[in-house]
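For reference, the chain that follows is the form predicted alone, supplied as structure tokens.
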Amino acid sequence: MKKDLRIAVIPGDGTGPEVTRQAVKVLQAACGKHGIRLSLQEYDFGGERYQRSGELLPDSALEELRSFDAILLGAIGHPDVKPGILEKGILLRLRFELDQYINLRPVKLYPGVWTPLKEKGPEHVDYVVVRENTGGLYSGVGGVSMRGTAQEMAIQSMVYSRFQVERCLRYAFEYCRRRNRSKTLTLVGKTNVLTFVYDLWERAFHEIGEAAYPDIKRDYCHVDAFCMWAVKNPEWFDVVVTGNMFGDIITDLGAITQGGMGIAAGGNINPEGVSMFEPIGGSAPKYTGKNVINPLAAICAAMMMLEHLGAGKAAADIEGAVMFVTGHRLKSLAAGRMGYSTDEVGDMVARFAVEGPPRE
């Protein structure tokens, strides 16, 4: 792996800068332990900049971001900016123009973390969702006619090319092979109703699997069935692959089973380019500046980034520290109820990532 890493940092809005500071603190500690040199460049994209200048994401910045090894994002979303402006102008533009065609979402229950799933523990909730991230209903194909009249008509089309589907499936097969657990890849779709799009997904799924991944067991779930089984029997799943809209929904379902948005992290992956990692929970503006927000999701996003960049040992040290903190220190993952401040949680994880968890 590279011993010099250039990381772009976008703290963003609300509590984004607070949790990002803790993620950077932990990142620096773990990388220092393993002799990895970090070069960090911060960007102020978000609601404050937009209100001040009207600027979202300049073209020049996109070109700069392509030169980094990865991007660490805090949160985008400002209470004084109309919903959709920042999300489309910054988040979606980054994903689409940097061709981050995979959204990677581990669903993992850590020790000591409450789950709403009865009689389920960390040994039951440990799977990964590979979501196609740039196509489908979110690609913006459609429109509105006769807006505001009784005859108004809106169309939003689920559009997928064979190219988009194949590259997502191949990533999922490769990830399942590297993960090396039950080596089972589950396609989540809706072949009984969405007979054009998910027929394409299913045919490609089996053709690619038979030709190139005979060691990977293939399974299929309708999306509604998956939502039931992910609650009743999450231990059935190893790696899950699906399209953009279904992936958006089932990863939030997965997040609540792993303890909520305070622990959920994700990556927007371009395997051949620059990828972006972020906590899932949003900007939580009502907690801004109070030093009570849970930073673990942002720390886990930094951990995912290191793993993606080949720094597996540093990533493992961070995960071990997070697991100790959830299992032995925090009273809750909820903001203001952790028993520690945001800064203190970051300090603990950074210390344990370097020293190792204490024996108790």
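Model, not experiment: these values are computed from the prediction. Residue positions are given as counts along the sequence shown, with the first one as 1.
Omitted here: the form predicted in complex with 3-isopropylmalic acid. The next part is about that form.
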property: Heavy atom of each of Arg95, Tyr138 and Glu278 within 4.5 Å of 3-isopropylmalic acid in the model of the complex; result: yes
property: Option touching 3-isopropylmalic acid, based on a heavy atom within 4.5 Å in the model of the complex, out of Glu166, Glu235, Asp99, Asp248; result: Asp248
property: Heavy atom within 4.5 Å of 3-isopropylmalic acid in the model of the complex - residue from Leu72, Leu187, Leu91, Val113; result: Leu91
property: Proximity of Glu87 to 3-isopropylmalic acid in the model of the complex, heavy atoms at 4.5 Å; result: yes
property: Lys108 within 4.5 Å of 3-isopropylmalic acid in the model of the complex, heavy atoms; result: no
property: Stretch from 214-222, 130-138, 153-161, 196-204 whose residues place a heavy atom within 4.5 Å of 3-isopropylmalic acid in the model of the complex; result: 130-138
